[in-house]
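In the form predicted on its own, a lone chain appears below as structure tokens.
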Amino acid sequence: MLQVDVLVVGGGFGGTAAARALEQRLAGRSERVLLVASENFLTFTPLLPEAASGTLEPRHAVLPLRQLLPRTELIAGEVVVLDPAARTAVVEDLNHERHDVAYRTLVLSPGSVPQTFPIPGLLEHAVGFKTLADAIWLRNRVLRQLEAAESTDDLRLRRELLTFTFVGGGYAGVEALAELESLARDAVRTYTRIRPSDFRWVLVEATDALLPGLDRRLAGYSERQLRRRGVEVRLSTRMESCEGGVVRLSDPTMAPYPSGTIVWTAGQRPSPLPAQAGLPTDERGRVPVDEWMRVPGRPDVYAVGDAAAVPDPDGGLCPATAQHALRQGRIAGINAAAGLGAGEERPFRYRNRGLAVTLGKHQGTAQVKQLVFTGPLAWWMGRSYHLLMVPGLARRLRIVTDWTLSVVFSRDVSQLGALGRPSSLDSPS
């Protein structure tokens, strides 16, 4: 059995921040920290829309965990059995081999999984937007649909191929649609038979406003910007089915329509791991914690990120954002180290400094406390804040280089689908 002092579950923002804090606090000591993550990289999700649209090299939206955490042991895999009472876990690696782990302290940051509903056709025809693979696939999809549309004389088929439906008007849905629409608008200039009017972009949101949690003025600005670019924004509307790729909405005034691409970004739900391990959870499946990131009654268990119900210093619970997960993870790491005799504990005191949404085409919205910003300034503020959140000088320089090149040169509209795929040995030479 593998004996460690701290087991960190999850390689997202919260888990990585906790491991980094533990490395700093336990430097020069003998304690062992084990991180279990599904992949050997941290996906910097705020940059995924730009990775999809071609303004950022996709590799620069991820950070290798072994490089970021040189003193932390890593198993690429998942925790399949967790027993907080016995302080043991079973980890299954990428080879499907199982490892028994005993620990003294547990930091839980298992993240979230897509929240889906029993909508006919959803699982067969919709894709998500949460990982780098999703971003690359959607980039390839947009460019592939352009090629298919250029090749056909059937105007109805062309319209179907160039119809993109995004379900979910939160940050992921709005930014992904805005960036991909921008990509398509730039790419179509190299085609002779396709016009911008051949595209159809539809954004479906179940509530009465886009971007929940953002100032209503900024949400309204984002909606107006999308509408000016020809996006059909359908508020207070749900997708009832998409069987056969035909989208049917709850709005009776909108006829069913075929959509060549359907993207589901309508929310996430906490990982089921804490509940499966017998830890207390609230009605949404999150683990309640105190201001020290500890699970009440379990001084050896900390929880952060999407799977934790963390008290907000201003009242209520913290939103599930990257900036909160980073700070929660750092506090959990500091306090876990203090429990091992290294340093002093700290309470979680982070207050939301603001939110930013990039809309492509040098447009965006930003909110800093009570101040609101729109247009190119907000776009620049959002990019700058995301850059500051990225750990490591080398990664920041790579990102700045990509952004600079995208200003000087036209957008890279090359398809990535053929890269890394070996040719068949029996293919003609």
Ligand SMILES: Cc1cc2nc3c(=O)[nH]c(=O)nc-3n(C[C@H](O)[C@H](O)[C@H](O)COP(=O)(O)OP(=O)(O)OC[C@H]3O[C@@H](n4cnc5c(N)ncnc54)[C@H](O)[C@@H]3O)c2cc1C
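None of these values were measured; they are calculated from a predicted model. Residue numbers run from 1 along the displayed sequence.
There is another form of the same protein, the form predicted together with the named molecule; it is not shown, and what comes next is about it.
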With the partner left out here, if you bring back the named molecule in the model of the complex, are 111, 171 and 271 all within 4.5 Å of it by some heavy atom? yes
Picking from 140, 241, 88, 321, the single residue whose non-hydrogen atoms come within 4.5 angstroms of the named molecule in the model of the complex is 321
So which of 348, 199, 129, 103 reaches within 4.5 angstroms of the named molecule in the model of the complex, heavy atom to heavy atom? 129
253-261, 209-217, 129-137, 157-165: which one contacts the named molecule in the model of the complex at 4.5 Å, heavy atom to heavy atom? 129-137
Spell out, yes or no, whether the shortest heavy atom distance between residue 333 and the named molecule in the model of the complex is within 4.5 Å. no
Closest heavy atom of residue 306 to the named molecule in the model of the complex, within 4.5 Å or not? yes
Contact of residue 301 with the named molecule in the model of the complex (heavy atom, 4.5 Å): no
So in the model of the complex, is the named molecule close enough to residue 325 to count as touching (4.5 Å, heavy atoms)? yes
Can you tell me which residues in 71-110 come within 4.5 angstroms of the named molecule in the model of the complex, by heavy atoms? 77, 78, 79, 109, 110
